[in-house]
Each structure stands twice: as structure tokens, then as C-alpha cells.
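Listed next as C-alpha cells is one chain, alone, in the form predicted on its own.
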Amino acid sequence: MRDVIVVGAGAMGRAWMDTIARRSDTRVSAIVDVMPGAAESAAGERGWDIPTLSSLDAALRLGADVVLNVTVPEAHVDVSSAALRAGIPVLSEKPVTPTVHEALALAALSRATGVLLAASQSRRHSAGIRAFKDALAGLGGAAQLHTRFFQNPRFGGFRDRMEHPLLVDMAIHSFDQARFLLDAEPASVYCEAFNPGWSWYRGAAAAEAVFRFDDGSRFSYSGSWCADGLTTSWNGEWRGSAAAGTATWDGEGEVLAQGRSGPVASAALDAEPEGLDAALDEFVAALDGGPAPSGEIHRNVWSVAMVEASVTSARRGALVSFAEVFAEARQAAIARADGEVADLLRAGDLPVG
């Protein structure tokens, strides 16, 4: 049985609490939230008699096996850093950090302390995307991958005022899915972000981006958060072209594939865990000596970099290389770090960038 401190008692934090409670080998041992009454309310709704605190330091003094970081992105660095320094593995909601330089610093801290830190990119865990990846592999692997993401949420609040609400708050899901599907890392991106005249957002609620990956494949992203009518799945709609044919995924349960001259075939879906359950599965398996989670910080920093590089390209109106993004981020991280973390960053002794 592993004790889990959940930091953040909002809607996502409560979803994680229920995910933890569904397992027989994990339990929520404490809830932390800075909002008065939030932690108490979450525990009371579930009939739990556990510590409810407003201070992470106080929770860490109680001891635990895992910290689940479900705070707002701006608090991710402080929460994850405190847990790593206390020797407690961290599973963090996306984005693992808001910026690449912060992600590199946390990667160095994870390496220095020898404590696992991973991000939960739950949208890469679904039966549909697994079947789509298998279909693409059966056709020789995608050289050209495309997704269309068109939704119309009326959030209100901070998203309505962001400079790049779509790219910064949502696109990381599609970008991370592309990395999963291609089994490669991005090399460059050209992105245009804009705001249609009917948009209810202040910033750029739509974007078009083309990524070149290090194996020569291309991934194109077309998205909008102000698209009324004929919306796509929240996973988008996908198409991959390979040497031996084409496969599509509707973002939910339909995966179709067709070879050069064969019929259209529908792929069967597996019954393996999805979403948060699957993300927690692979994290716990890693703690038990299994392979590193797919969202382990040294890997996940690439998904963060895809967001940052896209925003940089949109601002400049020019192609941006990931070598440049990582070089600038490493210098920014070094300027803010000290001790072994700074030494690791200076030495470039991290398998990222």
C-alpha cells in the first residue's frame, strides 16, 4: 500500500483522488490546498478521515510514498521541487512546468536526488490511440501525420485573457500524442497563431503549425478553441500516411486503415486501462522496478518544448529550431540554479535537448 499526498483539491485533483481510491495498492493519505475549506470538502465528500492541510511542508513532514501534483501550472515547480528534495517521487499534472528552462531544472534536480518525477499526459493513454499507433506501425510507420482539433469551450476566467490560450493550455496534448505516435522527437517548427474575428478570447485562439521531426517525418497541427459547429473529439481527428498505406483515428473509438490496394479495415480496440488509471498504472509500475513512465521528466520536456517553440515561432513569424530552444533554456536554467543542479546543467549531462 502506497500513501499518496494529493496537492490540489480542485476538479482535477478530485478526479485523481478517485483514481487513487480505485486501486488496492494506493490510498490518499493527505490532501493539501491553499484555498480555505477545499481540502476538507474533498475529504468529506469521500468520507475520508485524513489530514487536510494548507501547507505542503506540513504534509511532507507526515511522510508519504508519492506526491500527486495537481496544482495550477505556476505552482508546479515549487511543489515538485519540495517533494523531490524530500525524497518523495512525484506524478504531476501537465504541463510538468510552464517553461522549458524550468523543466530542465527539474530534470536536473530529479537526476541529482535520484527521485522520480513524471508528468501525466493522460491523452496518450487510450485504446483508440494505441490501435492507431499499431495500425501506422503495420503500414511501415507514418512519415506524414496530421491532426485537426476544433472545439468551442466557454471557460471564462484566465483563459479568456491569455496571449495563446490554445497553444499554451491545450495543444500540449496533441503535441505529446504526436511524439507517442511517431516515436521521434521534434527538430523544428513553423507556427502561425491568430484570433478569428468572432472569437470570444482576447488572445490567439487558433493556430496552424508544422513540425519536422528528427527522423524526417512531418506533423501538422490545425486547431481552434472558438469553432462552433461540427466540433472534433477532444483528442482531435488524426490521419497518418505511411509507405504501405494510410490510417485514420476519429479521436475516440474508430480506427481505420487501408493499404495500397486492400479494403478499408477497422482496428479492434484493447481493453487495457485508459486515461488517469493508465498513467497511474505506469507510474506505480516504475516505482516497483518497471520501465520509466512515458511522461518521465527527461522525456516529457520535449512536449513542453513543442509548446514553447510554437509560441516563439508565432511571435517571430519564423521557423524555430529545437536546438535553439534548448540552448536558450539551458542558459536560463543555469542562471537560476546552484549546486549539483547547476553542475549537471552546465555539463549538459541530461538526455534532453
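Please read all numbers here as calculations on a predicted model, not as lab measurements. When you see a residue number, it is the position in the sequence shown, counting from 1.
We do not show the form predicted in complex with a small molecule, though everything after this point is about it.
For the chain shown here without its partner, which stretch in 266 to 274, 211 to 219, 176 to 184, 86 to 94 has non-hydrogen atoms within 4.5 angstroms of the small molecule in the predicted bound form?
Heavy atoms within 4.5 Å of the small molecule in the predicted bound form occur in 86 to 94.
Just give me the single entry in A285, A327, L319, M35 that has a non-hydrogen atom within 4.5 angstroms of the small molecule in the predicted bound form.
Of A285, A327, L319, M35, the residue with a heavy atom within 4.5 Å of the small molecule in the predicted bound form is M35.
Which listed residue (V189, A279, V79, A207) meets the criterion of a heavy atom within 4.5 Å of the small molecule in the predicted bound form?
Comparing distances to the small molecule in the predicted bound form, the residue within 4.5 Å is V79.
Under a 4.5 Å heavy atom criterion, is G10 part of the interface with the small molecule in the predicted bound form?
The answer is yes: G10 has a heavy atom within 4.5 Å of the small molecule.
At the 4.5 Å heavy atom threshold, is G203 in contact with the small molecule in the predicted bound form?
Result no; G203 lies far from the small molecule in the predicted bound form.
Against the small molecule in the predicted bound form, would V70 count as a contact residue? Criterion: heavy atoms within 4.5 Å.
Judged by the heavy-atom cut-off of 4.5 Å, V70 is in contact with the small molecule in the predicted bound form.
Indicate whether S122 is a 4.5 Å heavy atom neighbour of the small molecule in the predicted bound form.
Because a heavy atom of S122 falls inside 4.5 Å of the small molecule in the predicted bound form, the answer is yes.
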